[in-house]
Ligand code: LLP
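Here we start with a single chain on its own, the form predicted alone, put down as structure tokens.
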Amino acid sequence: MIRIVGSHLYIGEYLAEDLAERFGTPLYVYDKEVIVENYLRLARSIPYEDLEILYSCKANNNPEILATLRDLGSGLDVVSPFEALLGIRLGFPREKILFTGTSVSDDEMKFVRGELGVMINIDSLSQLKRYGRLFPGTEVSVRINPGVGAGHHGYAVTGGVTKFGVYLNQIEKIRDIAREFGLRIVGLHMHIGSGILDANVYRETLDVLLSVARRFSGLEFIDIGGGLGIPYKPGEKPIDLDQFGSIVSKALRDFSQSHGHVKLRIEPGRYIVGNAGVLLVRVVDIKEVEINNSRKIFVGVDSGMNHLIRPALYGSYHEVIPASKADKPKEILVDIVGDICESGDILALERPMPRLEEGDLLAIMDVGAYGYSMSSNYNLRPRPPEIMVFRDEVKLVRRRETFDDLIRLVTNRSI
């Protein structure tokens, strides 16, 4: 587990400083024990008799994480052809993978359904028509936009007036297209947004989705998507999982009794991996300036928005822990900034910290979801390695990228 003991941060049985010394910085570290516990806690919280968890691969596609969840019985929610291919290569059963894309091309559908044999969750009427022409007489699922959205940021809200899903005033057209091509609608799906901490949000949207489901016969599953959030800021309360499980289970039981039994699918990502990840970075520069009779301290680290874009993109908060000074008095306010040539390359604003020195190790917390998976090579900088810790074991899963790795991506040759 991830914890502070005295001045020091531990990940599993390892000192964060020892991991940074061994693998270098910046470094993504995941705690397998946290991932397993999160998955099992969520599964236990939903008493519905026929539950299937599809881990949302876009949150973090680290192969070791996927293999861990596969062994726990999870399926996969995938949003790109290569995510689907990765799932197949790692041994996930095809029937436990659901592809939910947006702006999906015919070539993508041919690959996912035709070559991989993975079910497609349709996002638009246009896609449904094109799918019908390509695969007449087959089974398919449809994503419904319930008209309501929620999430931690506008960019992460997917219900309501967004590009996602088939709108409620288009439901009859789903049935018409299905009849035209002999398609069998076996699943209905929704996803309203990401980072939700209020379980009551699902009550209203479930009512909408199930009212649509009553207009279809032969359904095999209802997929309520994911979006379960985690607390990032001090004082934030986690989502009430027992309340969430009760709301969802009651709604599905009532539906099954009146309309026939269906499987319940959920697609958590952030909830399972978010708090299992830590990004270790090294202080490389400290700049103190006087501005309008006040002091400003910039603490520069050897990482940046190319490795963790959430603060720059969403204004997201991540706790930052000085890994060997965790219990020292917080005497100063600092901005923690990265090494990317952008003014927006800020990882944390005005954080209280102990007095820091160049060479100190900082731990950016709760980066297991949408950290590495949204990273880039901006400024031609390599992405960091990823390691998995499990108690007293540690495994290198992805090595640090090299110059040749980056150049091959562009020119297919070495320089």
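For clarity, every value in this text was computed on a predicted model and none was experimentally measured. Start at 1 with the first residue shown and count on from there.
Keep in mind that the form predicted in complex with the ligand is missing from the display, and what follows is about it.
Original post:
So which of Ala84, Val281, Ile122, Leu228 gets a non-hydrogen atom within 4.5 Å of the ligand in the predicted complex?
Top reply: Flagged contact: Leu228.
Original post:
Is there a heavy atom of Ala43 lying 4.5 Å or less from a heavy atom of the ligand in the predicted complex?
Top reply: Ala43 lies outside the contact set for the ligand.
Subject >> Contact of Gly300 with the ligand in the predicted complex (heavy atom, 4.5 Å) >> reply: So Gly300 does not count as contacting the ligand.
**OP:** Evaluate Arg381 for contact with the ligand in the predicted complex, applying a 4.5 angstroms cut-off between non-hydrogen atoms, and reply yes or no.
**Re:** Because no heavy atom of Arg381 falls inside 4.5 Å of the ligand in the predicted complex, the answer is no.
Original post:
Closest heavy atom of Arg270 to the ligand in the predicted complex, within 4.5 Å or not?
Top reply: Taking the distances in the predicted complex, the answer for Arg270 is yes, it comes within 4.5 Å of the ligand.
Original post:
Heavy atoms within 4.5 Å of the ligand in the predicted complex: which stretch among 332-340, 193-201, 235-243, 180-188?
Top reply: Flagged stretch: 193-201.
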